[in-house]
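First, one chain by itself in structure tokens, the form predicted alone.
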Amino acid sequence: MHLSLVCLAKPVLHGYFRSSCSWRVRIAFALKGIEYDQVPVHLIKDGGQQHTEQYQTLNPMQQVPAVEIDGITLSQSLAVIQYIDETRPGPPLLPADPKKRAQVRMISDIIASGIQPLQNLHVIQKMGTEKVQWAQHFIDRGFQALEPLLKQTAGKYCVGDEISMADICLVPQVYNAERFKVDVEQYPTIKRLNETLLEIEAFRVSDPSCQPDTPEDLRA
């Protein structure tokens, strides 16, 4: 695949160590073996650095991530992952088979659109003392749908035996579930897949516990 000279510049990921969406992009970069720079965007400090005028020029939604790559700026983690997959060599993040490809996108969208946004910081901040119960309810609701789907599609990984975008989405969501004290034991397929994926180097190096902006008390 021919890549223009602009592709030689390192991508820049503007993100937050514990952001699921930033984590997905870190995993994709790691799986593809892509070197990149990180610029931390603290979602709480100074009222949230994502709200600054400077950051809004990168991502008008005032969310992370924003990725500067190949002379453009992309937001929305699934768009970033698919762009990386379409422009960079390395293991494919979506299967060639159309049916499996559709299953990967379905699972990814269930997590990225149907589960994770309901635990976004700007959402749970509105819930006050009920934020944990709110997060638990919607994670459980999503996992109750996801578990039987994964029983049908999973092999070693979410869809068959090759790592895909679906796996990239799953691991950060299970982390969120555990953070909000959801009983993951209720979902044996999700639990098994997560444990398998966490053994893979690309997932380990992308973990929130070892990022440049990880607070000292949360470092592994």
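The structure presented is a predicted model; accordingly, all values stated were derived computationally and were not measured. Don't overthink the numbering: it's just position in the shown sequence, from 1.
The following text describes the form predicted in complex with another copy of the chain, which does not appear among the structures shown.
By the 4.5 Å heavy atom rule, the three marked residues Lys10, Ala30 and Pro89 all fail to count as contacting another copy of the chain in the predicted complex. Looking at Leu93, you'd find every heavy atom of it more than 4.5 angstroms from another copy of the chain in the predicted complex.
Taking non-hydrogen atoms only, Pro148 approaches another copy of the chain to within 4.5 angstroms in the predicted complex. Remark: Lys131 does not count among the residues lining another copy of the chain in the predicted complex, judged by a heavy atom distance of 4.5 Å or less. Using a 4.5 Å cutoff between non-hydrogen atoms, Gly47 does not count as a contact of another copy of the chain in the predicted complex. In the predicted complex, the residues of 55 to 71 lying within 4.5 Å of another copy of the chain by at least one heavy atom are, in order, Pro60, Met61, Gln63, Asp70.
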